[in-house]
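First, one chain by itself in structure tokens, the form predicted alone.
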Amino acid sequence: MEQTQQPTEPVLAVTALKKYFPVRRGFFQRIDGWIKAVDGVDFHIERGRTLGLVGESGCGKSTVARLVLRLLDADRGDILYNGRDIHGLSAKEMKALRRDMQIVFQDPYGSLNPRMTVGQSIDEGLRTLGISRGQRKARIEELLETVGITTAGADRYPHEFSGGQRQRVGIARALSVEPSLIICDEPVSALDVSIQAQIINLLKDLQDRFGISYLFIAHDLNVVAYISDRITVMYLGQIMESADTDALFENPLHPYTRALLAAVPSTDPRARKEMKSLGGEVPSPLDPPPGCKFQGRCPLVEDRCREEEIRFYDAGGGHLVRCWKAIEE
């Protein structure tokens, strides 16, 4: 009799995550409201897989990244890493856990100390592992070769490298402590298109080689589609839609997702877009509208959208959407 294969536990599971920032005004800095940067976010990342988190600037993507790493403390919600709730961990326990959770920043130059050589920057992480000096030197050379930089680069400073090379150094530094999860916070948005492809291919190769999981944050759907197994669409602090990459591109359900896809440039000049670009402006996170947060820009809006909070619906196959109209259609 064949045994049924049990689903594996996700490396990261986020549930009902919230983060509000106070707005203080006046001489006494009294709280005059709250910016709802992250307002009930749910997602999970399977081992060795990539979740793409997309949305317009200011929707809360980078705040989610910092909450996952506990660079910021969440107001509510659960963050489980390998089944372990990170909220209750002490500073010492978090320091040990961060060896397994790393981040690659958007600006490769700003994330490297200009007064330290590349080798010294990578060595910082290796010292926390208690590795001897000789072993660290060999490991630095191995890491640089892994990301496509010659070993002679260890003695050079960040300003002596191009933007793409500096991002490779950032990836090598993240790899130095052998993490299981790497958060990529718009890692290619500051690079030329040709260099973007090289960095994305490098990340995919590293995932195949080491089994790393990625939370890949970006606003470019073409880039996200290429590297992600699943895509989550975020708007004004909430998840609007989440589905496997192929399903999302073949059958986008939420009007916001459709608008994002319609804005993606096509290589076919004869291709026609089904939906025009969105009108209106993103509401202030300080005073979001009741009901659906997308109501002011949605072409399908109804009265109930303006009055009632909309929960996630499963349209089948794990395709989740926060929209009544999408489910009815």
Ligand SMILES: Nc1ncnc2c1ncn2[C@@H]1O[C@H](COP(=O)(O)OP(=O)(O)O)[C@@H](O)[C@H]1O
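Residue indices: 1-based, along the sequence shown. Since this is a predicted model, take the numbers as computed values, not measurements.
One more form of this protein should be noted, the form predicted in complex with this ligand, which is absent from this view; the next part is about it.
Contact annotation: of the candidates L260, L69, I45, C59, the single residue with a non-hydrogen atom within 4.5 angstroms of this ligand in the predicted bound form is C59.
Just one listed stretch, out of 25 to 33, 59 to 67, 300 to 308, 287 to 295, contacts this ligand in the predicted bound form at the 4.5 Å heavy atom level, and that stretch is 59 to 67. Interface membership of Y313, defined by any non-hydrogen atom within 4.5 Å of this ligand in the predicted bound form, is ruled out. Contact check for A37: a non-hydrogen atom falls within 4.5 Å of this ligand in the predicted bound form.
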